[in-house]
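The chain below stands alone, shown as structure tokens; this is the form predicted on its own.
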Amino acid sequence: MSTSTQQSPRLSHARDLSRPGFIVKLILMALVNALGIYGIMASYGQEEWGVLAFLVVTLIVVNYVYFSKRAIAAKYLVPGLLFLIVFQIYVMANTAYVAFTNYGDGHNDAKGPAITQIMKTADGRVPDTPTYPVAVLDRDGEIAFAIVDGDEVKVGDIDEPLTVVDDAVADGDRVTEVPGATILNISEIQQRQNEVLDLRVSMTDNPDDGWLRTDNAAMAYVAKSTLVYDEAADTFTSAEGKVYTADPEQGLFVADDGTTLSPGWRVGVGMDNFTRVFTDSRLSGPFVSILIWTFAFSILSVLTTFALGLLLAVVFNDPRVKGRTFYRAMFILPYAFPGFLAALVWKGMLNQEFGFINEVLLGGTTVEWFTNGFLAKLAIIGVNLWLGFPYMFLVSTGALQSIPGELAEAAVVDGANPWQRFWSITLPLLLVSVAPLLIASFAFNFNNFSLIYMLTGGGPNYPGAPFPIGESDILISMVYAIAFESGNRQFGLASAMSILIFVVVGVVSWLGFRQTRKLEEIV
């Protein structure tokens, strides 16, 4: 007679109600749900329906996965998949979408808000309307107006028209207290005077009723647009009779004489952003120069850092060298120093007026490191060599130690000299290991934005270019200048250039890995 006893599998920490693991899971899920619900409420308030739908679906999936017995594998995959969707797929899809639009300064929103903004920026006081003592408020960082209209206190801002606030307090015709807001004093108003003077608060939801504005932050008056919008004809007519007709291809209201109204609205422009860098004469010249310099910078950075790192690795791989551990530790120091801080330090050392390089090493010579294009590029290559050779020294040292010593001994027996052994045996075997790292280093330097931005800022600038781009800019810093540093920011053009950079890096990496396979076949 045999007896068998089957023990039920032990529950994991996350399922056993009596163990701390379940309590920890419950707390973490409560935090996730709280953040998710907050995001849903915020999305609803901003009318971001796509974000709201994504958060709702995500919360349902996350709760099902972490409270279900049938989705064990998904518990490990869901966090990574969510980050993949948010930080990779969404970013790439949005960049691709923006690249085919005219999104940028003057074309930031849809057509409806653009029409409202045009009317508000071309306004004047409405005759025979009352003026109101106005209180300037700060509500969560946003400027708002508060007035006494009859027996009621009304508050509004750039997004919301004047609305009655029942629990606000007024002293006569001036508002003295509004719950959830701070009334700014004279000093605070002066610090934010541009925001105050630019603010237009709609009287009602109907734009034809006008809006409230102020010229002195003490009294406000009702204003209306001097332009008349004809919705049926989709035109604006000025007080002088000039007619501006909507152009759906440019996203602008255009008059017969070519003048336009600002702002416009966002429209699709097809391949215009991709072709503009080649067809705009003010941009094509600097773009070609920057493209060539980007390749030169990336290739020279890889070659110089690899050459110096390999040379030092070969020298300090020789057991006859005393104190190798100390020297290797010293070589790693530049790699341990934050790159952007090192660039700032070098920027100070290369200062042409009082930098250490000019004052001490060059005996007081004024070398224009940052105002001469060639010297600026030379400085970038030099600083990047200082920053990059420790990495190549480390990988070369590791690769050298993995090469069997018997090969070198056999070569010695065959009569090969040191150079022949290095060129025919050491270097090919070493390249098999480090070639993928060299390709990765090329891709990194192709987009080495922080070094350029911190050291030279891309300067000296090209005269006459439509954007603040310079001779030492590489493509990625050029994209940044177009997107964020220009007085006329062009996000669509910057996105198109980002896609071009992605294609170039992808093609170069593909070609590089094909060459790596040939090295493996040799071995």
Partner chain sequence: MAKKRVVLENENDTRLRGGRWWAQVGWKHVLAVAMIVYCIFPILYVLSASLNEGGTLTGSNQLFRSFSLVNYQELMDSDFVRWMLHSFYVSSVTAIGTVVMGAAAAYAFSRFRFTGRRGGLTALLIIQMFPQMLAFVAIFLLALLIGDIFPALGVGSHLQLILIYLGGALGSNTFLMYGFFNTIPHELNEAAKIDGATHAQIFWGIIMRLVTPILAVVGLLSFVGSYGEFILARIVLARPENYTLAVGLYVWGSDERNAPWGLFAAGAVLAAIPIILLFMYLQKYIVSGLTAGGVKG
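Rigid core here is just the name for the largest C-alpha set that superposes within 1.5 Å across the two forms. Positions refer to the first chain, counted from 1. Predicted model only: the values in this text are computed from it and were never measured.
The form predicted in complex with the partner chain exists for this protein as well; it is not shown, and the discussion that follows is about that form.
With the partner chain omitted here, the record of contacts in the predicted complex names 380-388 of 178-186, 117-125, 217-225, 380-388, defined by a heavy atom within 4.5 Å. Checking 205, 230, 353, 414 against the partner chain in the predicted complex, a heavy atom within 4.5 Å turns up for just one residue: 353. The partner is absent here; in the predicted complex, the one residue of 399, 252, 168, 283 having a heavy atom within 4.5 Å of the partner chain is 399. Each of 35, 319 and 395 is positioned with at least one heavy atom within 4.5 Å of the partner chain in the predicted complex. Although the partner is absent here, residue 433 is a contact residue: one of its heavy atoms lies within 4.5 angstroms of the partner chain in the predicted complex. Under a 4.5 angstroms non-hydrogen atom cutoff, the partner chain in the predicted complex lacks residue 303 among its neighbouring residues. Although the partner is absent here, residue 479 lies within 4.5 Å of the partner chain in the predicted complex, judged by heavy atoms. Using a 4.5 angstroms threshold between heavy atoms, residue 106 stays clear of the partner chain in the predicted complex.
Contact residues in stretch 324-354 (any heavy atom within 4.5 Å of the partner chain, taken in the predicted complex) are 326, 327, 328, 329, 330, 331, 332, 333, 334, 335, 336, 337, 338, 340, 341, 344, 345, 346, 347, 348, 349, 351, 353, 354. Residue 461 shows a C-alpha shift below 2 Å between the shown form and the other one [criterion: core-superposed Cα displacement of 2 Å]. Taking the rigid core as fixed, one finds a CA shift for residue 158 of 2 Å or more between the shown form and the other one. Relative to the superposed rigid core, residue 68 undergoes a CA displacement of at least 2 Å between the shown form and the other one.
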